[in-house]
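Just the one chain here, laid out as structure tokens, in the form predicted alone.
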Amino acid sequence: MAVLSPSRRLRRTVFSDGVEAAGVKAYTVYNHMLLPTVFRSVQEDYHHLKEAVQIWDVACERQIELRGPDAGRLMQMLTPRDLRGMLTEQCFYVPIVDETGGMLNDPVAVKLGDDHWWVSIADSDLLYWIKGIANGWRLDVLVDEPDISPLAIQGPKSDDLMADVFGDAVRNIRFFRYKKLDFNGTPLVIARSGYSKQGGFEIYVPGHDGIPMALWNALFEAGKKYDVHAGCPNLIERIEGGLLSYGNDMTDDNTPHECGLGKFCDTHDALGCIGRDALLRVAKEGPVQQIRAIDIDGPAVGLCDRWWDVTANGKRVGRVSSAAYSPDYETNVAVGMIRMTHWEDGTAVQVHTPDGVRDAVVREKFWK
């Protein structure tokens, strides 16, 4: 099996020492950084995530900071979601689109103030697009990558673990809201969010004064009674929950409406959005393809590291972008982009996997 060759271009994170001590078995590269993908096994990590609590090094979810009088204007230019009613201490899931309405990223926007935002990005070089917009429009705003690294606490016992470290105030944080709570004299932004459907938090950790590993160690010490493990975003669980992966399930060739994200597009109201006119046309005409859940028959499928064709009666009607065998649902769960002629719930199709053609069924809703 091939291995990653370390270099300065492949960045370690502020939690890498802890990740290695916890026995990480595999990584991927995400925003030019290491992202763990397996500790025990994908299946064991999956079951534990649903039963207990895990600590995830997701420092690769880099922040893009917008600071200055035009920060709010710039943020609205990037997304078709109407941000006018967004309050400080709120987090919004925001599709980011280009001038054609194509998806550039699907980050979480964190509003620290009217003139101060963080954009917590998926895997892409979005920083350069945002810098280009700010410079091209001569906006009064500083765009940069701050020294902030998210640490995720995920699983049904997350509230108990976090309360032991930060106090019971953490239990009162509402979904997609944040509060600043103290750790060793340093206020940390803590949001109720995360890349799983098991519940939990994301802590935005500054990289100075030894805070990252001090927090990592404190969480593991407090978590012993909750059977805490090091973990990572789990392929099976995120497909079950319909959590999309930018670069896997969607690219800049796709609009938010094709990705099932139309509810996050207030196109008529998001007056400053760069892709507004293009998305108005898309909203009027409707998408001709859209992301759907797919059940794939047979034994466990292999890794979906390239698109698998989806056909019906010998004609290509879509493609699968992510797939895994679900122990809980006892089927191969998958994410696919399917043409409108075949996206109705219960439609029979065939998926062309590396192991051969499999019968499959399109589902309107995901499993979780």
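Numbers for residues come from their place in the sequence shown, where the first is 1. Quick caveat: nothing in here was measured; it's all calculated off a predicted structure.
If you look for the form predicted in complex with a small molecule, you will not find it shown, but the lines that follow are about it.
S.K.: Checking a candidate spot here: are Phe15, Ser149 and Leu219 all in contact with the small molecule in the predicted complex (at least one heavy atom each within 4.5 Å)?
M.R.: Not one of the three qualifies.
S.K.: With the cut-off set at 4.5 Å between non-hydrogen atoms, does Glu237 touch the small molecule in the predicted complex?
M.R.: No, Glu237 stays farther than 4.5 Å from the small molecule in the predicted complex.
S.K.: Can Leu244 be called a contact residue for the small molecule in the predicted complex at 4.5 Å between heavy atoms?
M.R.: So Leu244 counts as contacting the small molecule.
S.K.: Is there a heavy atom of Phe183 lying 4.5 Å or less from a heavy atom of the small molecule in the predicted complex?
M.R.: Although the small molecule is absent here, Phe183 would stay clear of it in the predicted complex, with no heavy atoms inside 4.5 Å.
S.K.: Contact between Ala122 and the small molecule in the predicted complex at 4.5 Å, heavy atoms?
M.R.: Judged by the heavy-atom cut-off of 4.5 Å, Ala122 is in contact with the small molecule in the predicted complex.
S.K.: Identify which of Tyr30, Tyr325, Tyr27, Phe39 has a heavy atom within 4.5 Å of the small molecule in the predicted complex; exactly one of them does.
M.R.: Result of the distance check: Tyr30.
S.K.: Please pick, from Phe166, Tyr178, Trp118, Tyr195, the one residue with any non-hydrogen atom lying within 4.5 angstroms of the small molecule in the predicted complex.
M.R.: Exactly one residue meets the criterion: Tyr195.
S.K.: Only one of 169 to 177, 269 to 277, 156 to 164, 141 to 149 gets a heavy atom within 4.5 Å of the small molecule in the predicted complex; which is it?
M.R.: In the other structure, the partner sits against 169 to 177.
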